[in-house]
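Only one chain is shown below, in structure tokens, and it's the form predicted on its own.
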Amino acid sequence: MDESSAAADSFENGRYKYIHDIHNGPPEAIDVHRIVLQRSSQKKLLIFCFLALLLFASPPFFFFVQQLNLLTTLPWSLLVGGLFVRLLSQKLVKKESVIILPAFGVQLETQYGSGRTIRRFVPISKILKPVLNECVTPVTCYWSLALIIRGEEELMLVFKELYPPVKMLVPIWKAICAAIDVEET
């Protein structure tokens, strides 16, 4: 698509950045909503330093160092710490997207730090209604966007990993309502 047929809108709120892309073209507009988790690259370094400090400060480590040479132990502990940080970063979510194709359905995407992307597609004919839920736990309270699916007993969460604020969920909810011709109530 050329640049003249795309428009974008975005804003930030703490940990999350909301990006709204509209691609106009035949047969109908493609409406893309992205929620991006903003993490600093320093966080990985801090986790690595914390794990290295934890490893060096533990009593079993000192017992292990007394039996082996420090020059052989240090590279192995750094390697294990690096692999642990790598495993943590693979499970971290970078962004979640909602792609609304008015004639076809809604595609939900989750992109992880490792580059892996999981996509789920829901045909427009199966969506009964999108709903905004207030989720209350003993520790916190947050909002979630879910879809009521025809023939399913449970709600389908649009954002499974991220918990964006309600001001980012409302435009997505309105866009899905407009795509399936449901009143916004």
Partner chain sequence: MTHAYNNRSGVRYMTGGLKVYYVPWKPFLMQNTLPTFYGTLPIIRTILIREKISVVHGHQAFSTLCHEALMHARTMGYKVVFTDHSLYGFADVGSVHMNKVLQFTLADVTQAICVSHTSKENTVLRSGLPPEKVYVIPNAVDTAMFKPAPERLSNNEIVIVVISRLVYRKGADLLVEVIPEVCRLHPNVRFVIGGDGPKRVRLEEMREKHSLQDRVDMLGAVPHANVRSVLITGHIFLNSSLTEAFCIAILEAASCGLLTVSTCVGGVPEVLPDDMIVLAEPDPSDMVQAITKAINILPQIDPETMHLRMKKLYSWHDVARRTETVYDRALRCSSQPLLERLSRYLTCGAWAGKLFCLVMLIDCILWQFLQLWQPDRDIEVVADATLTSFLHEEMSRDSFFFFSGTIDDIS
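Positions refer to the first chain, counted from 1. On a predicted model such as this, the values are computed, not experimentally measured, just so you know.
This next part talks about the form predicted together with the partner chain, which is not shown.
When contacts are judged by a 4.5 Å heavy atom cut-off, residue 166 counts as touching the partner chain in the model of the complex. Residue 118 falls outside the set of residues with a heavy atom inside 4.5 Å of the partner chain in the model of the complex.
Although the partner is absent here, residue 157 sits close enough that one of its heavy atoms falls within 4.5 Å of the partner chain in the model of the complex.
The partner chain in the model of the complex is not approached by residue 38, whose heavy atoms all lie more than 4.5 angstroms from it. With contact defined as any non-hydrogen atom lying within 4.5 angstroms of the partner chain in the model of the complex, the contacting residues in 107-141 are 133, 134, 135, 136, 137, 138, 139, 140, 141, given in sequence order.
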